[in-house]
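Given next are two forms of a protein chain, the same chain in both, each as structure tokens and marked structure 1 or structure 2.
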Structure 1
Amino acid sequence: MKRIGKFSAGIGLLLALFAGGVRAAEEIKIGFLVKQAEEPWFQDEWRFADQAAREKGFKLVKIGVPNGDKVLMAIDNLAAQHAQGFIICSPDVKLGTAIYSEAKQNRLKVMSVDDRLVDGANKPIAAIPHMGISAFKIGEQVGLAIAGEIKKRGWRMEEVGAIRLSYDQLPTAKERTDGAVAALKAAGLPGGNLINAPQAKTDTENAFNAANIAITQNQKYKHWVAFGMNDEAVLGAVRASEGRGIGVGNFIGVGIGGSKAAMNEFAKTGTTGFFGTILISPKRHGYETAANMYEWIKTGKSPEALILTSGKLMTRGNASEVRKEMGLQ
């Protein structure tokens, strides 16, 4: 009897261990890696990914990855924690091949968000599902909004200096400003009035420096407009215009994003040269990518290869209405 008791206790223990093992293997853990964790857009993406995690019951691991070393460390870390997949907005899209092979080696599924990963020949890696914005189209919306406001103010196109905050090494950034340039030219802006202001990094401080140089070197213009890859870029130009004594009546900036950076600007009492922004959807980019990754891991159903989301012009006047439409309130 004693023996049997011991035996069944042993089996019981084994069964318990086995069940524990199965449970551990079943827990779904997903990484969400972003290049600029301090930027409100990425905080919003994380917030909505967290919402998906709560609703579907998986664990979300959020990691800021400001450079290539951090990216590789984060992937290793996820593998060590037995995560099954991750979503990434990489600090450099050229890390694509390294990210893809590191993910494969560790049997992690990978999807990209916002910035599409490229291979050694600068071609998008089609095997990595991606959700980004329709960059050129959204850029055109920026250009159209600026052109509409120029017309409303009765400015002569010849007298308008147009600052293009640029970060051309990132394809989505280039496409966005290309779209804005196309729309402005179609509206009659002379090509010679475009001033390229390259940012060393994609934050407001670097945009401020770039815009400052652009304004200093082109003092002949009576009016100014500015556009770039996101709100942070345009806010840099707005601050530079203020520093150089350009009145808000002579400045129109239109960004892309519509998160806290833009809302804070709209909330200011008094005027701002930040005229508007194209609101894009951190909810889709955060919630949907995380939910799609979860499905992929759980059921094997791979996400759509490429999803490009749209945007809508938001100004101080219609901000809360447009945010509500986008499910952001």
Structure 2
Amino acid sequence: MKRIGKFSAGIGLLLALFAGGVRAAEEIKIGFLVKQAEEPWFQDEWRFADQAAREKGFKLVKIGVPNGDKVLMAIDNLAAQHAQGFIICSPDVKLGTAIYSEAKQNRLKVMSVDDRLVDGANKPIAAIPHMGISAFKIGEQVGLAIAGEIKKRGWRMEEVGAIRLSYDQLPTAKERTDGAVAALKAAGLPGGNLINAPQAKTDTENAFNAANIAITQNQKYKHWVAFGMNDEAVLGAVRASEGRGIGVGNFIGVGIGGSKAAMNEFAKTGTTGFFGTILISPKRHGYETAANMYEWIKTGKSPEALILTSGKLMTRGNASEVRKEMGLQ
């Protein structure tokens, strides 16, 4: 009887261990690695990824990876936790080959977000699905917004000076301003009216200096517009225009990002030439990538190889509505 009892107990223990193993195998665990965990953009991405985790029923592991060593350690950490995949915005896109190799070695599925991973030849790694921002498309949205406001105000295109706050050493910045230039030219702005104003850095102070020089050297224009890689660039041009005595009614600035500084400008009434900003939403980048990874793990359906998102024009008049639509309030 004792032998039977021990046998039964052993069987029970094996069944319990087996059941526990099945439960562990069924649990889907996904990592979400970002290069600057303290930045609001990445905090929002994580927040929306958490939403996907709650709705879909998987566990999300959030890890900040500020350098290459942290990236590789995080991947090993995920493997040790029996995760099945991860999403990453790497601190250096040239780590792509190492990331892909480490993921394969640990049998982890991998997707990139925001910044696309490249190989040793600086070419995108097609085997890694990616969701990013279409810099050129967002630039076009800036140009279209400016062109629409020019038309609304009844300005003649030949009387408009267009300041391109440039930072061409950063490909994303160049693509954004190239998109704006293309849209403005298509709307009828003469090419000669485009004034290149190179920034030493991508902040408001350097944009102010660049725009101030551009305005000083081109005083023949009756009206002015400005665009650049972000809100800070355009705000620098706005401040320069104020310093040069250009009235609010003769200036249109459209930024990119939907920053707090942009919201502060919207709080002003009739005292700023900052017309609008293209708000980029972290919702798709957080929620959708996490949901896509979940489906890839659960059903084997891989995400689209390349998904490029754009933004939405936010002005003083629709700021609350657009932010709500983007899930930011």
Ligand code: FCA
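Just so it is clear, the model here is predicted, and its values are computed rather than measured. Counting starts at 1 with the first residue of structure 1 and goes up one by one along its sequence.
S.K.: Of these two forms of the chain, identify the one that is the form predicted together with this ligand.
M.R.: The chain shown first - structure 1 - is the form that fits the description.
S.K.: Considering the two rigid parts that describe the motion between structures 1 and 2, does Glu159 sit in the same part as Gly85?
M.R.: When each C-alpha is assigned to the better-fitting superposition, Gly85 and Glu159 land in different parts.
S.K.: Quote the angle in degrees describing how far the smaller of the two rigid parts swings relative to the larger between structures 1 and 2.
M.R.: Rigid-body rotation of the smaller part between structures 1 and 2: 28 degrees.
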